[in-house]
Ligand code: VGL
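So this first bit is one chain, no partners, the form predicted alone, shown in structure tokens.
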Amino acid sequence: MSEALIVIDVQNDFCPGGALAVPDGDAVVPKINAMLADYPIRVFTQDWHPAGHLSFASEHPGFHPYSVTEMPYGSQVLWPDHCVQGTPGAEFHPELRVDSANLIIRKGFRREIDSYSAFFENDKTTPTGLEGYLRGHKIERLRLVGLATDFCVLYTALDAARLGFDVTVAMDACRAIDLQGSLEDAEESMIEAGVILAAH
């Protein structure tokens, strides 16, 4: 079975010094670079929000970053403004070997809906096109790496498992935000869904 490497949101705003920095987020870069040659298909995802995206706390008077509100598609964490299209924060980490990507999936570009998963937006029905691409390349197994373990990696893993892919998360090539125990919850959810959590 062919296996694809899915590199999730290794962008400046999710690395130290960024607007939504994941602790130790840049530590994944050398690990991911070392893995790229081992996979025939390499897909990178990129958060790509318009200014004024409705997942930004700044769009909700009286709300603070990391608070939760209700959207038409369900609960939504409100984030600091991050990964705004065309800004340095939205760019991939400068040391990430982006030239090795076969495909770059941009997500979260619709102002009214957030998108954690590489497969679907947060309404769980609007597809990104990734599934069709992988099916077209006869990919059955996925290895996920990147940021953040407890949000975009988690949602991508759960959707991939639901779609019937064999999914492994390389935990040492991921880092988490860990909001109020969200990393432990994410690990439990992935294991329950049949996702393998591997060291590498």
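So that there is no doubt, residue numbering starts at 1 and follows the sequence shown. These figures come from a predicted structure and were not determined experimentally.
Another form, the form predicted in complex with the named molecule, is not on view; read the next lines as being about it.
With the partner removed from view, the residue among I139, L158, I32, A148 that has a non-hydrogen atom within 4.5 Å of the named molecule in the model of the complex turns out to be A148.
Using a 4.5 angstroms limit between non-hydrogen atoms, A186 is distant from the named molecule in the model of the complex. Mapping the unseen interface onto this chain, D9 counts among the residues with a heavy atom inside 4.5 Å of the named molecule in the model of the complex.
Shown alone here, M190 lies farther than 4.5 Å from the named molecule in the model of the complex, counting heavy atoms only. By the criterion of a heavy atom within 4.5 Å, Y116 is counted among the residues contacting the named molecule in the model of the complex.
Of the candidate stretches 130-138, 36-44, 150-158, 23-31, only 150-158 contains residues with a heavy atom within 4.5 Å of the named molecule in the model of the complex. Contacts between 173-190 and the named molecule, taken as any heavy atom within 4.5 Å in the model of the complex, involve only I177.
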